[in-house]
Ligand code: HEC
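The chain below stands alone and is given as structure tokens, in the form predicted alone.
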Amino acid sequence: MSSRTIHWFIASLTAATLCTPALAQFAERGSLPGSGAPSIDCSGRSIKAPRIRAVHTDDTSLVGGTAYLFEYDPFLAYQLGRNINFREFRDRDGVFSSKVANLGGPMPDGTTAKITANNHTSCSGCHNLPQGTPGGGTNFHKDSGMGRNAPHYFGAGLVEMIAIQTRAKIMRVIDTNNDGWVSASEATASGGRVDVRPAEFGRPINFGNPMLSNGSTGKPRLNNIFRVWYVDANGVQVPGATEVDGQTTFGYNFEMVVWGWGQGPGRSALNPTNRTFLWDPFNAHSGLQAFDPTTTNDPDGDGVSEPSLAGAIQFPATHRAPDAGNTLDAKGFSRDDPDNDGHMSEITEGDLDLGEWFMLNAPQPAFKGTAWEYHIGIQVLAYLHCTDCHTPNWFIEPRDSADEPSVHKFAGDRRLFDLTVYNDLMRGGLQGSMRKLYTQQGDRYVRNFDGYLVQGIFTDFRHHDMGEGFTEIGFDGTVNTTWRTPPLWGVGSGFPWGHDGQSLSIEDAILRHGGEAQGSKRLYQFSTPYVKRFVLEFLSNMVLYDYETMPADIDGDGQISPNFVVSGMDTEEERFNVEWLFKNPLKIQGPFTNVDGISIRSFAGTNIPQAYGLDLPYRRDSDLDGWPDVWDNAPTLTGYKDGVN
């Protein structure tokens, strides 16, 4: 790389210099159309900025660290998190090591591999419909020869908040001495059932029996959505323990595992938080190991961490990032290199901060029908008893005050914004309106942490026995019919359907229901053609959408401008592009004559260094090797593996 290019990034020179091929890297298209560089994208949808490892900080005064970004440039943090989710990683980033498409992970028999590992360079390899959003739609090789259908994660933050709050509500009932775990005596006194009301007028949901199977010893019989671990007399996790025995273990703790279709009785699913939902696939599918002290920040050893920067507790009892950080250098990054490929800290704690921030704020799916159709649709689903499992609404409680006595506190709605999407009957399509969930105090963005009613999610989050139609014979011969109730929001865009993607229509997925859902399926089968058609149309109206091109009011003036001006440039119709909400908004190139002589509007950025904060002290990467100068032992010597080599 030329000294001129390096100097350009160091000094953050004028936008005209972007005509150089400085960003001409795989999966990064930050150059300007007309520059002669191969790395251009007139749509502006591609990743524009180079990969720079993010630095986790708790101190907001460390400019460019993640705490600073969350508080002073949170929309940039969102976009950087979006880039982590959808970036195609390269060999220079340590992707795959030398083992591409190898088998990994044991199944219940302890020997059979359950997954094809090292088979994707990006999260978007599976979560890609619509492209550039937290979509789904890909069937990948896992657990059985039929595979797994990758779900979308629109509304991921709402899902996570419901899960953590549900755990807190259960704990408030059964952890009567408020010490953070469930003792054998507390389990005995629980009454044998825990119910959680999802919303004010919702039917209570039974999450199982917290009592131990043998009275004062044994295992609780909570719904399979929970994963349990066992603790000593002080509530500290006892590694390897499988039950309360009254000798070394005296109680238990648990988490709610909301990501993953289900793994069979006693095995729960995959990930309890968005943070683990990020680093776990990075490791499994891309061979990128994360170093994440946030996950293991558990001072009392009870298996539950302190909250992340985004505000979510983690569960090191069952989920620890693969790079343990046993050896740290003087600058504080891990030298462990778990896969021995020479690439250190392939995914950093700061990367996970940003990726989690994006997932927390990912917009939820939409309903593209009318309000009347939605209202009647819920009644029809209730008549068919579909809502016995597909619970329509959940309420996120507002944040508890500091004097709330329970250690199981409600965190409130932790998001920065809410994108409300609705069907505009006049224009015949979806449009959105961004609502601020923060208060601006000078240059600071302070989240409000209010309550929020999550409407139209349609899940009780429980695992159910779904019968013969959803039977899975695993690679090792294990049989599973137990699956999590999938949220129905987005189901209209969900082709194909089912955990295995084998249903090629919504109706086929309905007719596969059995087991606990047998009665509801029968009601559907014997309904009139009109009712069946209404149900299918109602479900088809629950859709995903490309929110980055959807018309939306993002400046809060109550209208969608036909000529939205950002940094002096007409960007055409106002839409949900968070780059225009940065502290230094991205300026588009504007009118451009293409190779065919046609005049178009280019949405490529002309001020990428300024907009993306490439010269902020904790983001500056002088030699463009992916290591910020504050972590780089040789900041002017390109060394992709560790900053030096």
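We number the residues from 1 along the sequence you see. This is a predicted model, so every value here is computed, not measured.
Below, we refer to the form predicted together with heme C (HEC), which is not included among the displayed structures.
Chemist: Within 4.5 Å, heavy atoms only: does Gln263 come near heme C (HEC) in the predicted complex?
Modeler: Output for Gln263 is yes: heavy atoms within 4.5 Å of heme C (HEC).
Chemist: Would you check, heavy atoms only and a 4.5 Å threshold, whether Trp497 touches heme C (HEC) in the predicted complex?
Modeler: Heavy-atom contact with heme C (HEC) at 4.5 Å: present for Trp497.
Chemist: Spell out, yes or no, whether the shortest heavy atom distance between Ala517 and heme C (HEC) in the predicted complex is within 4.5 Å.
Modeler: Within the cut-off, so yes.
Chemist: Looking at the partner-bound form in the predicted complex, is Glu255 within 4.5 Å of heme C (HEC) by any heavy atom?
Modeler: No - in the predicted complex, heavy atoms of Glu255 and heme C (HEC) never come within 4.5 Å of each other.
Chemist: Thinking of Phe140, Pro281 and Cys386 as one candidate spot, does heme C (HEC) come within 4.5 Å of a heavy atom in every one of them in the predicted complex?
Modeler: Judged in the predicted complex, Phe140, Pro281 and Cys386 all sit within 4.5 Å of heme C (HEC).
Chemist: Just one of 217-225, 198-206, 481-489, 420-428 has residues with a heavy atom within 4.5 Å of heme C (HEC) in the predicted complex, so point it out.
Modeler: Going by heavy atoms within 4.5 Å, the stretch is 481-489.
Chemist: Identify, from the list Phe315, Tyr547, Phe470, Trp181, the residue with a heavy atom within 4.5 Å of heme C (HEC) in the predicted complex.
Modeler: Only one listed residue qualifies here, and that residue is Phe470.
Chemist: Could you spot which one of Pro151, Pro338, Pro74, Gly412 gets a heavy atom to within 4.5 Å of heme C (HEC) in the predicted complex?
Modeler: Selected residue: Pro151.
Chemist: Taking heavy atoms and a 4.5 Å limit, what residues of 95-134 are near heme C (HEC) in the predicted complex?
Modeler: Residues within 4.5 Å: Asn119, His120, Ser122, Cys123, Cys126, His127.
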